[in-house]
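In the form predicted on its own, a lone chain appears below as structure tokens.
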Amino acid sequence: MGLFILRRIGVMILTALCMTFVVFFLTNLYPKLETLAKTQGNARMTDAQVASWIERNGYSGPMILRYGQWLGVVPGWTRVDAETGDLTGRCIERTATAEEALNAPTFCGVFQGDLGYSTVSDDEVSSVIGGRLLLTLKLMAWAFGVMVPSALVVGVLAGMREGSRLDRSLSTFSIASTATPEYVSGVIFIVLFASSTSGISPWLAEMGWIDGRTLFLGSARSAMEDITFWNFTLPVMTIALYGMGYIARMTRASMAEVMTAQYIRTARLKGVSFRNIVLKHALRNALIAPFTVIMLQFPWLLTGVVIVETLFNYNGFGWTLVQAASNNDIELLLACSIVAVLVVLITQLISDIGYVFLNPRIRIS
């Protein structure tokens, strides 16, 4: 098991380097840098002025060299201003004095925990990412806590009685939930539960069953400061409803297959109760396939909440990713890519390890 984990970690590192280099290459193409230069400087800059700005800010070197500087394995670039004589560089703080500039570290990058500064807001990227990621993790935790148990219950109930009326009803619900995009279900939830002119909220208010004008809030902006049942229910329901259908379908298919296995038939012939057959014999084996699908929901929840966060005005990680891409914020976009890649690789490692524990028959060569 230890050798298996070490091999997986080695593959993870190589994959992370390849993926981050692809993102670094795409975000540092000359048209992107030209747009950044004109955004930071003047929209009417000439080609010579653009080239001067790119060189002055350390974007003119070879791509592989700048990637090494960004990682922190290559010494950061330095430059002496021809007019003022000031020393500037990647590892030198913008407000550093001349003495501090001379004593600046040689290496500064991802491996040193330095993600640079946002090219739009001039804030430290690490502080921006940390705060936004925490908000999205809260949304992910609540959505995951609702989505997974509900999906497993639906899948197990449908798979227990394959072909029954209950199976057909739950399968139809699972397909419908997966086929309904988040921007559709989110709008429907807002109209039904968060509108003061339509849906059930006006009727509930007229009957005196709710104090406010709406049953739930259509905006999760206030949830960034204080999460309540009223401001966080709709975004959680929107994410959970879309994600649970696929897990439920996988669980149903796996459960239906297990229920037809020979050892289940033997248990039935021996007089074991149907409840014990499901809980003690079928359930664990039926969860092997859905476990991988469940673990793959983590990267989807991290980057796939863009629509929900935008729809409900919740400024989390997904919202930050979209803003960084639209504003051509290179440093922030690269930091978002690191987080997304690490989440995918770590959850895949946990999935592989968990798969082995759930099914001991799998051999690790």
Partner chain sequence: MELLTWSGAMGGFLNPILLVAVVAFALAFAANFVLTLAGIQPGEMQINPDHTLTLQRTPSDYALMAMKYAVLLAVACCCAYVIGGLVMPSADARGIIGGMASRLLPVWIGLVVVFAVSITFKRRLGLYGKLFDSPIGMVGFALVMFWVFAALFADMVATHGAIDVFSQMRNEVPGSPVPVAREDAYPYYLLGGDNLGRDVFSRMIYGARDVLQITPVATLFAFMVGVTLGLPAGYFGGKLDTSITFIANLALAFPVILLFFLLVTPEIVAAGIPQYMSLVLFIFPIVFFVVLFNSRFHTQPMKRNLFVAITLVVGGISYLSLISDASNQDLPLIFRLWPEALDLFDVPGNILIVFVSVVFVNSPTVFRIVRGIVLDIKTRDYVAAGQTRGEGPWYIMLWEILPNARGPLIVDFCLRIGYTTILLGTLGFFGLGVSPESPDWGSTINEGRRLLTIYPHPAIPPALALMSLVLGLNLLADGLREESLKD
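Numbering follows the first chain given and starts at 1. Computed from a prediction, not measured in an experiment: that's the story for all the values here.
The same protein also has a form predicted together with the partner chain, omitted here; what follows describes it.
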Candidate spot M140, M237 and G354, all three touching the partner chain in the predicted complex (heavy atom, 4.5 Å): no
Only hit among I129, I190, L152, A223 for heavy atom within 4.5 Å of the partner chain in the predicted complex is I190
Can you work out which of W77, W230, Y183, F107 has a heavy atom no more than 4.5 Å from the partner chain in the predicted complex? Y183
Select, from the options 119-127, 266-274, 194-202, 143-151, the stretch whose residues sit within 4.5 angstroms of the partner chain in the predicted complex by heavy atom distance. 194-202
In the predicted complex, does V11 come within 4.5 Å of the partner chain, counting heavy atoms only? yes
Indicate whether Y242 is a 4.5 Å heavy atom neighbour of the partner chain in the predicted complex. yes
Is K32 close enough to the partner chain in the predicted complex to count, meaning some heavy atom within 4.5 Å? yes
Is I175 close enough to touch the partner chain in the predicted complex, meaning at least one heavy atom pair within 4.5 Å? yes
Of the residues spanning 305-321, the ones with some heavy atom within 4.5 Å of the partner chain in the predicted complex are V306, I307, T310, L311, L321
